[in-house]
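Before any questions on how it binds or moves, here is one chain, the form predicted alone, in structure tokens.
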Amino acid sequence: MIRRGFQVVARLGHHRELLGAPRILPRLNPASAFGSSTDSLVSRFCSEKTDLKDYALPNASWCSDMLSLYQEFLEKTKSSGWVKLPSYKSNRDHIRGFKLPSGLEVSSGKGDWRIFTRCIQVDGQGYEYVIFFHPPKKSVCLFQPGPYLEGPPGFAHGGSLAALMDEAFSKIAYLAGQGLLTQSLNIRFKNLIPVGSLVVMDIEVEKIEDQKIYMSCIAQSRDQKTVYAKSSGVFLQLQLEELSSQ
């Protein structure tokens, strides 16, 4: 069980702390029925029996590079061990049937909850992205920023890429070893990203130790001639708890 007193520090230019007293991380139980292997996590995450809308599917706003590379990776899911990850509007949908460990859950009423990267509902205006995962440690995220993510005229805001790196990291960290919360995120920007262009994010799980998952990412153009940013992140391992059937 988790003891009162867990502290999470997320760093993105500055440190932020969750409200409340510090708490100590619970130790994972390797023999638990849930999350004992990457395969079981992927199987639950990518369940085919769902009525939820998958936002990581092609639409009319996708550029030709985005569409063609999507098709290439979709073919790889048939024989090369790659898995296309669904993307629902809320993480509540991704972990249906489970909850955060005792002491971390937040009381809230019903509402239209959305992941930040899925909060713009008009196709092509905000985040268009899809993640492909090759268990246990490799992933590729295809990203096309829309005009609502503009920073400098005609280019994506750096914060929009940072947010998606964090989101992509979190999904892979979860599947690779129940990484749930960001401890640190470091980014070095290299070049501006034109709005409407394709960014290919190559993500790797570097290591897992001391209940932490260490990850890296390079965001670049499809031809790999332009590097947009490089980043690294550390995620804390936490075991979700099964919701009561009552």
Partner chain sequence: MLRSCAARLRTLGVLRGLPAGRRAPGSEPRPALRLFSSEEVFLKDYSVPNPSWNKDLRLLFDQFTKKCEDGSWKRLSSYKRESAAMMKDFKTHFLDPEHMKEEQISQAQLFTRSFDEGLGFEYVMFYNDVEKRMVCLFQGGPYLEGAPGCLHGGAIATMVDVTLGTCAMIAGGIVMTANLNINYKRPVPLCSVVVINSQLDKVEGRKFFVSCNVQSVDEKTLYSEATGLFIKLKPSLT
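These numbers come from a predicted model, not from an experiment. Residue numbers count along the first chain shown, from 1.
There is another form of the same protein, the form predicted together with its partner chain; it is not shown, and what comes next is about it.
S.K.: Heavy atom to heavy atom, is residue 152 within 4.5 Å of its partner chain in the predicted complex?
M.R.: Contact with its partner chain, yes.
S.K.: At 4.5 Å between heavy atoms, is residue 186 in contact with its partner chain in the predicted complex?
M.R.: Taking the distances in the predicted complex, the answer for residue 186 is yes, it comes within 4.5 Å of its partner chain.
S.K.: If we define contact as a non-hydrogen atom of the residue within 4.5 angstroms of the partner, is residue 84 a contact of its partner chain in the predicted complex?
M.R.: Because no heavy atom of residue 84 falls inside 4.5 Å of its partner chain in the predicted complex, the answer is no.
S.K.: Classify residue 220 as contacting or not contacting its partner chain in the predicted complex by the rule of any non-hydrogen atom within 4.5 angstroms, answering yes or no.
M.R.: No, no contact at 4.5 Å.
S.K.: Looking at its partner chain in the predicted complex, do all three of 113, 159 and 194 come within 4.5 Å of it through at least one heavy atom?
M.R.: Heavy-atom distance to its partner chain in the predicted complex: all three under 4.5 Å.
S.K.: Within 4.5 Å of its partner chain in the predicted complex, counting heavy atoms only, one of 63-71, 50-58, 194-202, 211-219 shows up; tell me which.
M.R.: That would be stretch 194-202.
S.K.: Counting only non-hydrogen atoms and a 4.5 Å cut-off, give the residues of 126-148 close to its partner chain in the predicted complex.
M.R.: Residues within 4.5 Å: 127, 147, 148.
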